[in-house]
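This document opens with one chain alone, in structure tokens, the form predicted on its own.
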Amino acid sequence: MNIIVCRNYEEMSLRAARIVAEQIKAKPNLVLGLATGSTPEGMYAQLADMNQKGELSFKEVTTVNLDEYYPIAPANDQSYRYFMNRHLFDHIDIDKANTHVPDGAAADPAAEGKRYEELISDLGGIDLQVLGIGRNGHIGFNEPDSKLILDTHVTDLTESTIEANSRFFASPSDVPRRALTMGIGSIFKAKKILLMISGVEKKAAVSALLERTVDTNFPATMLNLHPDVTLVCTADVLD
């Protein structure tokens, strides 16, 4: 695992954006896996700025997002489709037909998981997957458990994840209890992984990750098995 330590959130966002930009410039038709949450927001702002300055083009890029709440309509302002449009897609020259998020309104979530796996396969796999990490070690919405599912699937969210996400909703009762998520196997098929971690509340998560052990009750530790992971983090998670 390659580790890049940054002084603050702004530097981390810029370094991560530069890594993504380098991959797009090297392969303009990159298949880019994306994440939501507060951690990558700064990186998305940097990428949009690069695009608007004419330094980077997304015209040939295809994106696939890690996850989506279930059930939720794409137009809901708390959906991850809405998040991606607001923070990135509306500000760059990407063809939105080439941006993919699991369908939170699918009538059959199991069938949607299968469709999403087939989509990723048809695209030739993910070249670079951006990841964050939950305080309980989840990646995507692969929550701590004695067993982890490999493919895209619907999953119940843990109470700690629901509590962490409740700040985005009017009340905790509005937070969806389930989600569609790429599985551990889906994530691990990515050729490269860019893991972003910021904030002192993630110190325990980073500590567990850097112990270089594997524990399904802390899913992010599985990343120790992947051959090409770059961790970009703020210094406060290592203090």
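Worth saying up front: this structure is predicted, and the values here are computed from it rather than measured. A residue's number is simply how far along the shown sequence it sits, counting from 1.
Omitted here: the form predicted together with a small molecule. The next part is about that form.
Check: Counting only non-hydrogen atoms and a 4.5 angstroms cut-off, does residue 81 reach the small molecule in the model of the complex?
Finding: Flag for residue 81 set to no.
Note to self: My question is simply whether residue 101 lines the interface with the small molecule in the model of the complex - judged by any non-hydrogen atom within 4.5 Å.
What the structure shows: So residue 101 does not count as contacting the small molecule.
Item checked: residue 192: touches the small molecule in the model of the complex, heavy atom cutoff 4.5 angstroms -> Close contact is absent here: in the model of the complex, residue 192 is far from the small molecule, nothing within 4.5 Å, heavy atoms only.
Check: With a 4.5 Å heavy atom cut-off, would you call residue 141 a contact of the small molecule in the model of the complex?
Finding: The answer is yes: residue 141 has a heavy atom within 4.5 Å of the small molecule.
Check: Between the options 165, 85, 155, 158, which residue brings a heavy atom to within 4.5 Å of the small molecule in the model of the complex?
Finding: The option sitting close enough to the partner is 165.
Note to self: Please tell me which of 47, 32, 66, 209 lies within 4.5 Å of the small molecule in the model of the complex, judged by heavy atoms.
What the structure shows: Result of the distance check: 66.
Notebook entry, point to check: Since the chain is shown here on its own, which stretch among 35-43, 169-177, 22-30, 53-61 would lie within 4.5 Å of the small molecule in the model of the complex, judged by heavy atoms?
Noted result: Heavy-atom contact with the partner occurs in 35-43.
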